[in-house]
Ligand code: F6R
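Shown next as structure tokens: one chain only, the form predicted alone.
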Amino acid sequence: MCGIVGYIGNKNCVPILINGLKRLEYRGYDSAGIGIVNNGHSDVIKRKGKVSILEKDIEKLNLNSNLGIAHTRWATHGVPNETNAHPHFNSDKSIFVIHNGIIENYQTLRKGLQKFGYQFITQTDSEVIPHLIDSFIKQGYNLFNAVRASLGELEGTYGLAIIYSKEPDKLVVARKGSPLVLGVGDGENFVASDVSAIIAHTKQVVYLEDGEVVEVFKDHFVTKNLDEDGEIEKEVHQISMTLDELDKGGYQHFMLKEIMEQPDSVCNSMRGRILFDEGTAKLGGLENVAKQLAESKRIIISACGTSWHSGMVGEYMLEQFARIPTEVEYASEFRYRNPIVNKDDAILFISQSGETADTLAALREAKIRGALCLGICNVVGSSIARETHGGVYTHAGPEIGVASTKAFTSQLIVLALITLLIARKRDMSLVDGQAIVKELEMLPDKISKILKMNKQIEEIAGKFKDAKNFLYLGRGYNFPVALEGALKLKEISYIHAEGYPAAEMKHGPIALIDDNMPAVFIAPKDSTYEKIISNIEEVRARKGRIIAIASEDDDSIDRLVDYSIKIPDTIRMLMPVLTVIPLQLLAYHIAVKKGLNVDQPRNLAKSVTVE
């Protein structure tokens, strides 16, 4: 989950590395550090806290080097402090290592190295790596071969960048389970865990695969497998992301910008994919597997966090319209419980980043078992996109805020398109398909209408910023939205919140209701409306404070609730795209009013690349 950036070339790498870390800070912000080599001399500067603290101290030092690596940390082993920050180094500080991942056998390696006199100063698992490399260099290995030999001893996951003061013409990188990308420049090369760190310098990138080790020079690079000497030919990809997409665009926070971008992101998820005359969807990434998908006996959706919530909505869509039994699995549980997977199953793996460690591991397990494996992700060229049999990009654009917003609604759109594609290949009529297409096309305008209520929602947020607990309640398609609304509030405001099916309130949660407990009901006028109204009455009778997300023509609900947020109507399968947006804004404004860092909430990182 940590951020990695490296540079070799003719320029001063220090400002390049610092700016790269700023772009990667969403991946971790417990501490940051930089290591450079210059004329055989090495320097390392590490600081607890955000990159800005490191930057401020580095400005005083006037550092200049053509070779360096830098890291922003999300702590796993060892508390966040200056000592545990990366880069880690050997005893004479000639070898610097930055690491994203977890070394599972580090304690065994540590004990073995200590027997040979190696001393450890950190609590981290990563510190074994520079000492291990050092031990092989002392045996006569050069840096590249010492790294490869060391990797053979490591168990776990890693994205690594290593420099050595006695070989200042190169840096070495390696990947196993943690994303790494190589940026190809003119007389310079870059390394990063995400293209956002290097987009200001090059749009030519090479995606590294698991088991690959790369020797990077300023004008070329050599890629090999961990256990083979033959050079691997790597394809260079052109990326379309721009710097403007990575800026706040005048908004106070990335999260608010990304919430406000949803009319466009939803539109982009549909663009070129809707065939109104045929009442279906055209999804190029599924063309070769569409028949097999439509004939699947069962669909499994595997995801984590917000993507798991979108998968739950997808389950309702697929079962209602495609009439295929569908299950939603936590990816983190899927691989460890010996799941029953058959060759006539199709499995959808949903991940914004396409690098989520648990989801990627579940994908690899499912492939071994012979299932059709498909991806839904946002990042082009990500591991899930490359390793699945087919899939669909959400095209939501870069999402920097740690709490996912536009990625969620774009995932819902893609799931709706997949449902439409399968259902039309089965028994859905043309008229019904066209009706869904028509509703899809109206969503961007309806989202824009909801976003105009931002001020109203901000005022409501001010009434509840000091609440200690929240209850989110919905039925049918809106039950997963209740879960997502509660998650958003927990993530960025640190208020305890629970999402429940509204009918389950009587089976326990109603005991929590008192005049201090806010309850958010997702109550559009659909087939469950009368039941939801009954649930509202039950909370009202116990003096609970009620916020309702309701249909814009529903005047009667106002007498039952303290606050109502009225939204446009749509068909049931698409209602979550609309009902979730007020909940995103509510969580955002509560967190802002509490004075919290919305884009970088404590203990979290955007891309979960460790188990």
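We number the residues from 1 along the sequence you see. Since the structure is predicted, the reported quantities are computational estimates derived from the model, not experimental observations.
The form predicted together with fructose -6-phosphate (F6R) is left out here; the points below concern that form.
Listed residues 296, 394, 307, 262 were compared with fructose -6-phosphate (F6R) in the predicted complex; 307 is the one with a heavy atom within 4.5 Å. Proximity to fructose -6-phosphate (F6R) in the predicted complex, defined as a heavy atom within 4.5 Å, singles out one entry of 131, 148, 488, 175, which is 488. With fructose -6-phosphate (F6R) left out of view, the stretch that reaches within 4.5 Å of it through heavy atoms in the predicted complex is, among 396 to 404, 123 to 131, 511 to 519, 68 to 76, 396 to 404. Taking non-hydrogen atoms only, residue 382 never approaches fructose -6-phosphate (F6R) to within 4.5 angstroms in the predicted complex. The closest heavy atom approach of residue 351 to fructose -6-phosphate (F6R) in the predicted complex falls within 4.5 Å. At a distance threshold of 4.5 angstroms between non-hydrogen atoms, residue 356 is in contact with fructose -6-phosphate (F6R) in the predicted complex.
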